[in-house]
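Provided below as C-alpha cells are two forms of one protein chain, presented individually as structure 1 and structure 2.
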Structure 1
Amino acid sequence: MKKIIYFLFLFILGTIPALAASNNDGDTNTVNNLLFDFVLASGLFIFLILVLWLANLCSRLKKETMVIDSNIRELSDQISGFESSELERLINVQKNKRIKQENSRRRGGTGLKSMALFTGFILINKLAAAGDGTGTPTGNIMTSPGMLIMLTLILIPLLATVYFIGVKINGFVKKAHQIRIRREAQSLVKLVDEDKDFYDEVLKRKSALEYTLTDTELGGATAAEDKKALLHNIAEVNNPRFFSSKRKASGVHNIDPNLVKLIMLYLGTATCWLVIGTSIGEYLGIKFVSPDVDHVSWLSFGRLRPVHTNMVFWGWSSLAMIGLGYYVVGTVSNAKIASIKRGYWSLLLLNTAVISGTICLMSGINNGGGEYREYTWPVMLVFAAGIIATLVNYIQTIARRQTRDIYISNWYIIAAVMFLTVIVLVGYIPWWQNGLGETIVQGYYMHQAVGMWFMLFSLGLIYYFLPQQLNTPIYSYSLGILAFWSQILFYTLIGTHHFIFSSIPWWLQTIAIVGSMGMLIPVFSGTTNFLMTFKGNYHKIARSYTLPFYLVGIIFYFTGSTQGTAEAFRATNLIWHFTDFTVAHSHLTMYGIIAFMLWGCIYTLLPRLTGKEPKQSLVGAHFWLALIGMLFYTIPLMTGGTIKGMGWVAGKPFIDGVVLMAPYWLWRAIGGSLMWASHLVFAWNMYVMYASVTEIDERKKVFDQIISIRANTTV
C-alpha cells in the first residue's frame, strides 16, 4: 500500500511539471526557469531521500549479518525481554529433552556483503549519472519546455530504479533479521541444555513475571472506618453515564437569613430582567430577518432596541452585581451589612427605574438617542438614588470591618459604585451639553458605564469568588492593584473612540486611541493574575460546574477587551465602525465577560445560601447553550461586518451591504435563540435553587414532627 502511494507521489511529481511545461508553451522564460528549478529541486529532493533510505538499509544489513558469538552474557540479557509464556516454552524444551538439531541453511554473509557492495556501486554510478543529467549549467535551452519534459522523463526511471533497488535490499534485510533470530533461538536452547545456572535464571525470571499482589499488603484485612467524617459527597457510579458528575456545592453557610432573602430578591429580579430583556433581544434579531413581523408602534425596532440594551444593563447585570456585592462586601470585611432595610430601598428604586424606563421608551419617551442614555433623567434619578443607597450601605459596612486591610474585591466594588454615581451625574445634569458637547459626553458616558461600572464591579466579584472556588489565594495582589489604577487611568480617556473621524476635536480622538492602547495594561495584568491563580488547578475545572463559567469569562475578558483596543485604531475603525462588528463586540464583552462571570458567581453563591443545588446536567445545558449560542451570534456578525465595511471602503452602493448581511443576520438570530434558550434553563435552575424541596427538608419535617409529638406527650 505504502509503495503504491509512493509511486503515485513520484508519478505526480514527475508529471505535474511536465504538464505545466507543455501547457505554458507561449509563456515567458521566467515561468520556465521557475519550472526548471522546481523539477530539479523536487528530483534532487526525492533522490536525497532515497539515498538516505538506502544508506540506512545498508547499515542495517551489515548489523544483521554480523556473526554472533554465543556469548552467555548477551543471551541472558535477552531473556529479560521475554514473556512468561515464551520462557515456559524454553523450559519445556529442556524438560522434554527434545533437542532437534536443525541445520540452518546458511545464506552466506559474504554473499550479502557483495550484494551491498554491488548496490553501493550502482548507487554511486547512478548518482553520478543523475548529477550529469541535472547538474549541467542552466542555459536557455535547459529551461525550454522540451528540455523540462526530457528531464522529467529521465528523472522518473532513474528514481524508480533507485527505489526498486531499495525495495530489494529491504527484502534482504528482513530475511537476514529472521535468520539472526532463528540462530539466536537455537543458541538459547543449547545454552538451557548445557548450562545449569542459566536454566535456574530462566526459572527465576518466570516466577518473577508471574508474581501478583494479594491486595491486603497495605490495608490488612480489617474494614475501614471514617472516624473524623473526612469523606463527603461520595459519588458512586455503577452504570455507564452520559454526564460526568461534578463536585457538589458545600452545604449551607451560616448567614443572616434576612441578608439571604435580600440577596435572593436581587438575583431573582435580575433573572427576570435577563429573561425579559433577552426575549426582546431575540425578537429584535428576528426583525432583521423578517422586518414585517409586526407593525405595532410599541414593538417597533427603534423603540425596542434601547429597551433591550437598557434592560440587560440596568436590570439584569446591575441588579445581579449589586446582589452579589451584598454578599462579598460583608464577607470580606467580616462585618454585617450596615442596613438590610436600605438594601430593600435600593432594590425597589432600581427595579422601579427599569420598569418605568421600559414603559417610557416603548411609548416613545426618549432622552435623545445617545446609546445607554435613552432613559430620561427622572427615570435615571430614581436609579441613581438606588445606587447611592447601596453605596452608603457598602461604605458603612466596610467602615465596620473586622479586618485590618480592605480586600481588593472591595476596592473594585466601591470604586465601581462611586464612579457610576459620577458618570450618571455627568451624563444627566441638564444645564449643559449643547451641540457637539453632547457627543463628547455621550462617548464618555456610554463607555464609562461599561468599563467603570460593569467591568470594575465584576472584577471585584471575581477577585473574591475565583480564589474561593479554586481554594487557592489570588496569584498576585500587586497585579490586581496595578490593573485597578491603570484601568482608572486609561479607561477614563477612551470614551471618544466611539466618534473617531467625526467632527469632535482630532486631539480628543487621538487621546482616546492612545487610552485604548493603554487598556492593554490592565487587561493583560488582570488576565495574567486570574490565569496564574488557575495554574495548577486546571484539573478542578472538569470536576466543577461553576469554574467553566469563570474560565469563559476570563478568556473573553482577554479577547473581548483586546478586540476593543484593536477596533479603536484609525485604520480598523475605518472598516468596522458603524457595522455589525460593534454589535458582536458588545455582546462578546457584556455577555461573554459580564454575564458569564455573574452566572459563575450565582451558581457558587446560591447553593450556599439556600442549601439547594440545581441539576448538574441543566447547569451544563445552560453553559453550553450560552457559549455555543454566543459564538454563533458573534462570529457571523464579525465576518459579515468586516465584509460590509470593506464594501463601503470600496465604494459599493449602500444597499449591497444590506443584502450581503442577510445570511449573517439569520445566523445571528439562530445564535440568539440558543442564548435565549440557555436563559430559560438558567431561570429554571434559579427556581430550583430557590424553591425546590430537598431530601434534607423532607427529613427535617419528619424529625420536627416527631420531636413536637414527643414534647407534647412528655408534658
Structure 2
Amino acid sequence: MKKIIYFLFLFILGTIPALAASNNDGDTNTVNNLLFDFVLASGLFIFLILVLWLANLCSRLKKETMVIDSNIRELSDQISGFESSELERLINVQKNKRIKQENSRRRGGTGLKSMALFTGFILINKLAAAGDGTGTPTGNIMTSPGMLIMLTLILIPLLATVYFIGVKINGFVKKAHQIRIRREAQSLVKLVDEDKDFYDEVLKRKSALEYTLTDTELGGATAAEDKKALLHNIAEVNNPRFFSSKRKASGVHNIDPNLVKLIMLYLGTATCWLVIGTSIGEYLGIKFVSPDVDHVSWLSFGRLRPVHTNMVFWGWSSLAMIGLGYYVVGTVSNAKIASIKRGYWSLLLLNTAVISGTICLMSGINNGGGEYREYTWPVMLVFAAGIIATLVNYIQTIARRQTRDIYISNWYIIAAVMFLTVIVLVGYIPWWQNGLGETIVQGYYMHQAVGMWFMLFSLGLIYYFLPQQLNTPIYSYSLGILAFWSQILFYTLIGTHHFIFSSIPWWLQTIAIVGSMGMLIPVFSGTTNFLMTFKGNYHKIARSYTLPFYLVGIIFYFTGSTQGTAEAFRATNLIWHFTDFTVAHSHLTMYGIIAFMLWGCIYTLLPRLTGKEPKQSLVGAHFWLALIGMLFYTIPLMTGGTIKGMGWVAGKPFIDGVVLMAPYWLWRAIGGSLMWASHLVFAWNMYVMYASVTEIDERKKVFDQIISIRANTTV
C-alpha cells in the first residue's frame, strides 16, 4: 500500500505540469487537451505498474526455483522457526510441512524503478506540453475525439494482456513455492533419520517450546528483605490512593545559613505581594461584573488597576526572581555571595518602593497615563537603587567564580538586571519625553520590562533548575547563546508595535513589526532547547510535582511569545489592539510563563534550603487551580476581544462591544477567582516549607530523648 501511494504521488507530480500547461483559457480545445493528457498518462501509469509487478513476480520465481543446498547447517538453522506441533510431526516421521517465514525484503531496484517511472511521467509531460512554448499541442489531430477513442482501444487490450501474463506467472510462483517446501520437508525427514545429533537438536527445541512456568520460581522460605531501602510507604499499599505518589525533594544542601535567610525573606515578601496584588485583581474582576460594588475613590478601578499590575510586577515577580538569583548566581559560580548585607539593603529598598508606590497610586498620585510606569520618579528612584545594589552583588560574585566559564544562567541573569537599570533610566529621565517621544519611550519601557527583565531573568533560572530537576544536561549550549543574543537584538526594537496606525513614523512602526518577526528566532531556539532537554524524561513528570510547572511555563513561552508576534502585524493589530485580547495576552505571558516558572523554581529550591516540603496534594491543587483558572481567564477574553475588534472594524458603536463582553467578563471573574485561590494554597505551602514543624523532626526528637534516657540509665 505504501508503494502504491508512492507511485501515485509520482504520477501526480509528473502529470500535473502537463495538465497545467494544457489548461489555456484562450484555447477552444482545452477539454480535449485535458482528456488526451489524462488518458495517455493514466494508461502509461497503469502499464508501468503492471511491468513492475511482472518484474517482481519473475524475481520471486527465480528465487523459488533455485537449487536447495540441503546441508546439515542450513537445515539445523531452520528448526528455530518451527512450532512444537510441527516438530512433533517431524519427530514421528509423518507428514512434514514447515511454515516458512515471510520472504526477505526485496533487495534494491526500488530507486531505479522509481526513477524510470518518474522519467516516464516527464516524457508524458514533454509529449503533452510540446508545441509552440505556450503549453498547447502543435496539432489538433492528437487531441481529437477519434484519437482518444483509438488510444483507449489500444491501451485496454495491451493492459489486459500484461495483466493476464502476470496472473500466469503468479501461478507458477505459487507452484514453485510448494515444490520448494516439499523438498525441504523431505530433506528434514531424511536428516532426522540419518543424523542423530540433528534429531537431538529437534528434541531440545521441542522441549524448550513446551516449557511453562510452575508459578513457584520466585517462591522460597526466606522472608523478603529490603536491603537497599528501595520500597517506601509499604503500609499504605492496600489503601486506595486518590493522589499519585510523587518523588521526595532533594535533601538539605550545605548552604550558608545567612544566605538561606536572605533568600527566604525575598521569597516570603514576594509571596505576600502576590497574595495582596492578586486579591486586588480579584476585586477588579468582580467590578467588571458588578461595577457599582463601591463608590470609594481609593477603590476605584482607575486607581486599583495600576496598584494590581505594579504590585505583581515589582513586588511578586521581581523579588522572587532576585531571591532565586542569589542562589543560582552563587551556585553556578561556585562562589559565596559577595555581600549578604548588600542583599538585605536591596530587599529593604525594593519593598519600600512597592509600599510607597502603592500608597501613592491609591491616593491618586501617579505618573500619568504610562502603563506599568505609574509609579512617580521618587518611588522608582528607590527601586532603581535596590536594583543597582543587586547588580553590583551579582557581578562581584561572578567575578569571584571558581570556574573558568560563565554558565549561561548567569549570562541571562546579569543581562536582565543590566537592562532593567537602563529601562528605568530611559523611562523616567524626562529629557526626551516631549510629544511623540513620550509615546515611543512608553512603548520601549513597557515591552522591555516584560521581555528584557522578567523573561530574560526567568529563562536564566530555567537554564539552571530544569536540567537539575531532570538530571540531564541542557540539550544545546549553542542554542542558548543563539536565543540570548537574538533576543537582545530583536526585543529591543519591538516596543512601538503597540502603537500601530498612530502618529509615530511609519518606518518606526515597520521596524517594530520586523523585530517582532525576528523574535521567532529566540523563541523557537529556546523552546527547542528546553523540550529537547525534556526528551527521554517525560515519564518523570508523573512522579514530580515541580516538572509540570516547568513544562507549562515552556509551552506558554512558545505560544504566548508567538502570539505576540502575530499581534504585531497591522491587519491583526487593527482587530485585537485596545480590546480584551491584549489583557488575555499579557496574562498568558506574565502568568503562564513567568509565574509558573517561578513556582517551579521555588518548589525545587525551598526543600533544599529548609528540609521541609508541602503536601503533594496541595501542590497539585495549586497547579491545577492556577492552570484551569488561567485558561478560564484568557480563552474567553481572547474570543470576546476578537469578536469585539471585528465589530469595531465593521463600524459598530463602542457600547455594543461593552454589551458583548458581559458574559466573557463573567468567565474572567471565574477564572480569576480560581487563580486567586491557587495563590492562597501557594502561600500556605510556603508557610509549610518555611515555618512549620514536620513529622520527621518530631520522630527524631523522640528517638534522641529515648537514647539519652537509656544512656543515663546505663551509666
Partner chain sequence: MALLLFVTLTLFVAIMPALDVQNNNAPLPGSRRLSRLETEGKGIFIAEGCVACHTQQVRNIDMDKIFGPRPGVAADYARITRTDVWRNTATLMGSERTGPDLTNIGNRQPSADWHLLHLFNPRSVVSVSVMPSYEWLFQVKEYPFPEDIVLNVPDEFKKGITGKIIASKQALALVAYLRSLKQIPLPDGRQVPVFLYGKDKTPVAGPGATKPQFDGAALYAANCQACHQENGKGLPGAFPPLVGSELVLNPDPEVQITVIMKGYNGLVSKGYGIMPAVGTNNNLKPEEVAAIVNHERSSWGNNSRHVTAAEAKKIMDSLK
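For residue numbers, the reference is structure 1: its sequence is counted from 1. What you are looking at is a predicted structure, and each value in this text was computed from that prediction instead of being measured. For the two forms, the rigid core is made up of the largest set of C-alpha atoms that agree within 1.5 Å on superposition.
Peer 1: Which number belongs to the form predicted alone, 1 or 2?
Peer 2: It is the second structure (the form predicted alone) rather than the first.
Peer 1: Does W684 move appreciably between the two structures, meaning a CA displacement of 2 Å or more on the superposed rigid core?
Peer 2: Result for W684: no, shift under 2 Å.
Peer 1: Using a superposition on the rigid core, decide whether the Cα position of W411 changes by 2 angstroms or more between the two structures.
Peer 2: Superposed on the core, W411 moves its C-alpha less than 2 Å between the two structures.
Peer 1: So, does L674 move by 2 Å or more at the CA between the two structures, with the core held fixed?
Peer 2: No, its C-alpha moves less than 2 Å.
Peer 1: After fitting the core, how far does the CA of A208 move between the two structures, in Å?
Peer 2: A shift of 7.7 Å.
Peer 1: With both forms put on the same core, how far apart in Å are the CA positions of W431 between the two structures?
Peer 2: Shift of W431 at C-alpha, rigid core superposed: 3.1 Å.
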